[in-house]
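The data below hold one chain only, encoded as structure tokens and taken in the form predicted on its own.
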Amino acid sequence: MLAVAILAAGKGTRMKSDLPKVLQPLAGSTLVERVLSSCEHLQPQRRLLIVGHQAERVEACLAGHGGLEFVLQQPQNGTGHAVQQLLEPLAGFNGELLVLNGDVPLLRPETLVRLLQRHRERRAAVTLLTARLADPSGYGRVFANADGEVSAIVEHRDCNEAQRCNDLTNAGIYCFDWRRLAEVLPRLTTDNDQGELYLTDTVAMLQPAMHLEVQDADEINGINDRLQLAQCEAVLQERLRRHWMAEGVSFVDPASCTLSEGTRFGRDVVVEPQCHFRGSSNIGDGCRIGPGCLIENSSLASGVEVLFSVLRDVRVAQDCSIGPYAQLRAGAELEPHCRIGNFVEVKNSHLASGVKANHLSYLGDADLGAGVNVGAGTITANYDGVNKHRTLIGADSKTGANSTLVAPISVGERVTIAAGSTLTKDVPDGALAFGRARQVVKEGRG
């Protein structure tokens, strides 16, 4: 059996934030959510989150993650003290305990698989993750023989000068035999520079103790401040871009683009510079995105082109063209071959195949039939000050420049609306609709 415990009680003072450190965002997810996802494939029988600072807020953020057990650490007196809080909830548990840190978000799932395998193969009491760092300052040093057996871990602040020359560092990730750990946890003391209970001190009490060295030291990057958060973001973004380029996506200027892990691309997609993908977005085969686009929680079918535009919570069918400087908002749905041009905004509207809105228009709460041509400056006036109302425009109709359609209103098929019209009443099929004030010219007033 396997239990996973995530240490998430710290305040994160150096973040200088009202948000708990483990809830800081990284590529669209919180730090602690990333740690949770890294161990999902292990299918642990128990998942425990040790909380302290703003515990209620952390629990509320993770309410949607079923099966989590929250354990309160109050006050916070070190990592050993945190794991001591598990003695009661894990009483009678017989298996391994994997201890992760809520602020170490770059661990690859396969690394945790290897750690668990090493622990079981060597029948270890404890197996810890290690890395060799060019600058190990601030990290605990691991002392081990050539066979991987660990004799001691010494925190950086407690190292003497000779010990600080060792570049093998403790990543703070452990796999324990829980029953053996539970026997020694009560023996921890605060006899150290910080006056805290260190989980690392249990290693000297547990034999055999083994370590697994990671090849990519970025995996164990911890986050204590905004600089380290930005550095981890850069590592994660590089991973994501490399993955999708290997899958057939072209990034013209990779470093200028950012992705979420929920972004999915088809083949032969071209992403121009300064494009950003958020949430769960699907980009179909052969799309061309950018430059200068933001796409969030949206689905684009094959062959869509988007230029200098913002798309949020929308669905776009194949071979549509969007932009430049268009905004598609929540609920916009475009059928194939639509054209949304410069400075056009579409919200909560369905556009059938072949609709064209080339310039300077607002289409909100509207349903447009196939082949509708929207003249420049057309507005669907959907809000009466209290409620939103819908506008219906039938297939093959045309709106003239600077038309205003005051909803609720239904315009039939094959209708032509004269330029400058304001319409407040329904229009039947095949009609020509005017809605202008009479022009008045008074000479000699110049």
Ligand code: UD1
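Values in this document were obtained by computation on a predicted structure and should not be read as measured data. When you see a residue number, it is the position in the sequence shown, counting from 1.
Quick note: we don't show the form predicted together with the ligand, though the next part is all about it.
Student: For the chain shown here without its partner, which stretch in 68-76, 205-213, 232-240, 289-297 has non-hydrogen atoms within 4.5 angstroms of the ligand in the model of the complex?
Tutor: In short, 68-76.
Student: Considering the ligand in the model of the complex, which of 171, 322, 316, 126 comes within 4.5 Å of it through any heavy atom?
Tutor: Looking at 171, 322, 316, 126 one by one, just 171 meets the 4.5 Å heavy-atom criterion.
Student: Only one of 341, 254, 222, 266 has a non-hydrogen atom within 4.5 angstroms of the ligand in the model of the complex; which is it?
Tutor: Exactly one residue meets the criterion: 222.
Student: Is residue 96 near the ligand? Define near as a heavy atom within 4.5 Å, in the model of the complex.
Tutor: Judged by the heavy-atom cut-off of 4.5 Å, residue 96 is well away from the ligand in the model of the complex.
Student: Is residue 7 close enough to touch the ligand in the model of the complex, meaning at least one heavy atom pair within 4.5 Å?
Tutor: Yes, residue 7 sits close enough to the ligand in the model of the complex that at least one of its heavy atoms falls within 4.5 Å.
Student: So in the model of the complex, does residue 82 come within 4.5 Å of the ligand, heavy atom to heavy atom?
Tutor: So residue 82 counts as contacting the ligand.
Student: Just checking whether residue 101 would be counted as a contact of the ligand in the model of the complex - the rule being heavy atoms within 4.5 angstroms.
Tutor: Looking in the model of the complex, residue contacts with the ligand include residue 101, since a heavy atom lies within 4.5 Å.
Student: Looking in the model of the complex, is the ligand within 4.5 angstroms of a heavy atom from every one of 22, 155 and 198?
Tutor: Yes.
Student: Quick one: which residues from 313-339 get a non-hydrogen atom within 4.5 Å of the ligand in the model of the complex?
Tutor: The stretch 313-339, when checked against the ligand in the model of the complex, contributes no residue at the 4.5 Å heavy-atom cut-off.
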